[in-house]
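First, one chain by itself in structure tokens, the form predicted on its own.
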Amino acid sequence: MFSFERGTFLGEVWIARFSLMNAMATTVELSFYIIVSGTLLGALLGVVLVYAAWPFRLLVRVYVDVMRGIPVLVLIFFWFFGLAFFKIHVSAFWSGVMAIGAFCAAHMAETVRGAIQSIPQGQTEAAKAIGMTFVPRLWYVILPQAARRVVPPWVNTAVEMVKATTLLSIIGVVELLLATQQAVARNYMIIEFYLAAAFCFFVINFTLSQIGAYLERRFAYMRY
């Protein structure tokens, strides 16, 4: 059995252990949904920006520029309070996922667009020469080569999305920052608890960077 005296840092952490662990799990869950949804939607929008007819490209371009030009906090308030105004009831958790996920998708769309357009035209012409139609050409030739160039900025975007989850405390989502603030309000150990929260965010983002490094090695054979 552990015995911690109240008033020590470890003792306060032990007292707040369940709320902090739940908040850590919430931060990881938020980050997962935001990054996955933003990556998938962003990849689709990036392809549309390159290959779709001009009306669709225009619509996606407007979406990307608007999303990238609006502060994340404004998007969070819009999704949380705006949906409620239209009688659409969505929890604060999912409002946050949709708001930050939409922001992530806009950035990923621009990243994917740039990666695809950086592939030499000769690769596309070679695929056409052997009779590949658009979808196989895109799936087997263009996207695998573009993936090598997408991974580094994807890691940067993913890390920023993890840090953006702290803004959801404004609408009442008990993620790691809000749980830390609640703990600090009880014990006034400001430096200790915020350093602990910073370490937790470092662990999450370091894990993402390692995933990115693995993906870079995985796609390293894709050369032209």
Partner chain sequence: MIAYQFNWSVIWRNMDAFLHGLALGLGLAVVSLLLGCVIGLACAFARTSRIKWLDWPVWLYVEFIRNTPLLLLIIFVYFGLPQMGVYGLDKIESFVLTLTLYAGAYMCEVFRTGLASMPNQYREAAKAIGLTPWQRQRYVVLPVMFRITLPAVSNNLISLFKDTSLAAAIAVPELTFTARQVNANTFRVFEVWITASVLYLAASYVIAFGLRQVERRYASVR
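Numbering follows the first chain given and starts at 1. The model shown is predicted, which means the values in this text are computed figures rather than measured ones.
What comes next is about the form predicted in complex with its partner chain, which does not appear here.
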{"query": "Contact flag, Phe202 vs its partner chain in the model of the complex, heavy atom cut 4.5 Å", "finding": "yes"}
{"query": "Contact of Pro144 with its partner chain in the model of the complex (heavy atom, 4.5 Å)", "finding": "no"}
{"query": "Contact label in the model of the complex: Thr39 to its partner chain, heavy atom within 4.5 Å", "finding": "no"}
{"query": "4.5 Å heavy atom contact, Trp139 to its partner chain in the model of the complex", "finding": "no"}
{"query": "Its partner chain in the model of the complex: contacted by all of Arg68, Ser169 and Ala198, heavy atom 4.5 Å", "finding": "yes"}
{"query": "Within 4.5 Å of its partner chain in the model of the complex: residues from 71 to 93 (heavy atom criterion)", "finding": "Pro71, Leu73, Val74, Phe77, Phe78, Phe81, Gly82, Phe85, Phe86"}
